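Okay, here we've got a single chain as structure tokens, the form predicted on its own, with questions on binding and movement later.
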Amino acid sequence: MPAALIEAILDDARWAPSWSNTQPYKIAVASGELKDRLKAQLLARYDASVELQGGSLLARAWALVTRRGLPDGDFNTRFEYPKELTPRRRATGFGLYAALGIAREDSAARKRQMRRNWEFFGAPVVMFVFVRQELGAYSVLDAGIFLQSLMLSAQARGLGTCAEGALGTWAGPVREAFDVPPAYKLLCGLALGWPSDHAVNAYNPGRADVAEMLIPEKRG
């Protein structure tokens, strides 16, 4: 992908609003050999984590010592979803796997599909989004506005994007590749490339109705 195209997208996104115009985020961009190196390192960590899931107690104990396969991200990407939101999450996952032809009981295929996150879904460019830790939730809010601005700019130029929370699971390889300021924490990643006619790109899980989104006024 031409460097000028990436720069143009970032130039659009930099005008996103933020708290007191602090712009509390930084972006690391990888393509070519660097992207391939990061992909190999992140895939190795994912594969090690899959091995641990079915490993013995001894293997798990050894992982605690060596940290091999264990997350080292700045934010926890594995958590329990609130009961209220779980049905949406499940419906989205089931629908996605159905669109991909992956049976619910086919755990091997599900793991292979999950692995695609750390292949950046074949995109030629991957970006990593870092936020300033002192602003807490508000730096995350500002980064989200920036990220959507970037994604809309990419779409307007005929490109496709996929925001990836999973890319926040392992920060080590990214920090080794980039000179990240100490106060910035890895939030997520973004795959950037040209959209294909793959079935996954036609999948749309929909959204809740406006009425469901609105908080009702108190009565009495």
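Since we're looking at a predicted model, the values are computed, not measured. When you see a residue number, it is the position in the sequence shown, counting from 1.
Same protein, other form: the form predicted in complex with a small molecule, not shown, and the subject of what follows.
- Checked against the small molecule in the model of the complex, the residues N76, T92, Q133, T86 give one hit for a heavy atom within 4.5 Å, which is T92.
- Shown without its partner, this chain lists C162, L52, L34, L152 as candidates; in the model of the complex, only C162 has a non-hydrogen atom within 4.5 angstroms of the small molecule.
- Shown alone, this chain has one stretch from 191 to 199, 40 to 48, 164 to 172, 25 to 33 that lies within 4.5 Å of the small molecule in the model of the complex by heavy atoms: 164 to 172.
- When contacts are defined as a non-hydrogen atom within 4.5 Å, none of S20, P181 and Y184 contacts the small molecule in the model of the complex.
- Contact between R14 and the small molecule in the model of the complex is not found at the 4.5 Å heavy atom cutoff.
- Contact annotation for F121: at least one heavy atom lies within 4.5 Å of the small molecule in the model of the complex.
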